[in-house]
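As structure tokens, one chain now follows by itself in the form predicted alone.
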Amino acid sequence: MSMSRVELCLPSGAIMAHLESDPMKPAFDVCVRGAGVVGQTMALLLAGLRLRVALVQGNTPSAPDVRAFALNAASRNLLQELRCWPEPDHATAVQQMRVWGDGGAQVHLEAPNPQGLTWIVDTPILLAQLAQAIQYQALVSVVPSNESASLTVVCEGRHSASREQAGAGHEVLPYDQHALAARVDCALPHQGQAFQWFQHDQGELGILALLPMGGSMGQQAALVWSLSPARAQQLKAMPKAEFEQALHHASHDQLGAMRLASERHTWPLQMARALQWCGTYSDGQAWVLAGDAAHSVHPLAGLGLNLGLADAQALRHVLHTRQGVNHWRGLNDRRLLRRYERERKAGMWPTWVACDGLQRLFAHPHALVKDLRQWGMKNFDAIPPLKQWVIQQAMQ
């Protein structure tokens, strides 16, 4: 007896629905842990590759964020691509930068074009712009806790718990300094100028930076003051009028009388770097580090966030190759992620060396080293081609 063959025919849509409901398949391609500037930027960039992204939203800080970031042209171009660049009043172009050494030598840098040397961006405004873009990106889901995904991108900051859980080695070089940040209102318009002073007081290094905010003729500045831990805590606890007087003295009356316009916040400074930037969990899913979870530098050069955004750009570029020559590689492919790690470590190395070297050079109390600093600043300021080269490197 012959048995007739029975064929089961399902519409293609039903087949797709069956595949998409596969319980073994993660709901997300990528899980981004950390929803700061780097994390949100990372989520938007990877969603642009048609990847399903879970963005883990941590606890919202209760205190107002008084930070401001100095962003270079490369970071500006990236955020403009995402349509998240703030309006001019919240992204103030720096047309000039004036830096004084502890012996009176000065370096004066001018923007090579009307756009500016760099831009001082109001952190809360930038975070709000990114959050709004996240709302309109259907491939990004904001979630309260970690989700299973082929690739986890850790952007939790320098105290990342996920980095520790992954077992990534982490080297930390603490500086004997704390940063104090605040906003100040100034009697005089800053005219797009940024100021920085390297000062020694009783053998201790202090680095004061005033960054222009509120547009080209604004009268508000973001203050970042790197000090010994004891001095930073002393200034933080000072009565408002006494603090303003200390700031006025340290800034040599460049912007006239200044009034404190925010709370004062402090944190310890360090140079740190992860030894491994990528790896694999026991279940075969992969992880990579980005932003402060992978590296941190002294804020004296204002490069911190630029480095984190460069991480996001580099990972997007590496994963984009899966649409071409690497189409057969998965998101958890070790060789692909190692390419990201090598590229970013190589890009970070000059910055680590430069920032740490400058901090140590200006922190050294010996008179001969002080003379060397003065000689170097004066000669640097007198060589326009060298200044232009440094400006171009910093902008990009």
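Note that residue numbering follows the sequence shown and begins at 1. Owing to the predicted nature of the structure, the values given are computational and were not obtained by experimental measurement.
This next part talks about the form predicted in complex with a small molecule, which is not shown.
Scanning T152, T92, Q177, N306 against the small molecule in the predicted complex with a 4.5 Å heavy atom cut-off leaves one residue, N306.
The putative spot formed by A35, V56 and R67 is fully lined by the small molecule in the predicted complex; each residue has a non-hydrogen atom within 4.5 angstroms of it. D292 belongs to the set of residues with a heavy atom inside 4.5 Å of the small molecule in the predicted complex. Shown alone here, A73 lies farther than 4.5 Å from the small molecule in the predicted complex, counting heavy atoms only. By the criterion of a heavy atom within 4.5 Å, D122 is excluded from the residues contacting the small molecule in the predicted complex.
In the predicted complex, the small molecule sits within 4.5 Å of a heavy atom of V224. Only one listed stretch (185-193, 95-103, 155-163, 274-282) carries heavy atoms within 4.5 Å of the small molecule in the predicted complex, and that stretch is 155-163.
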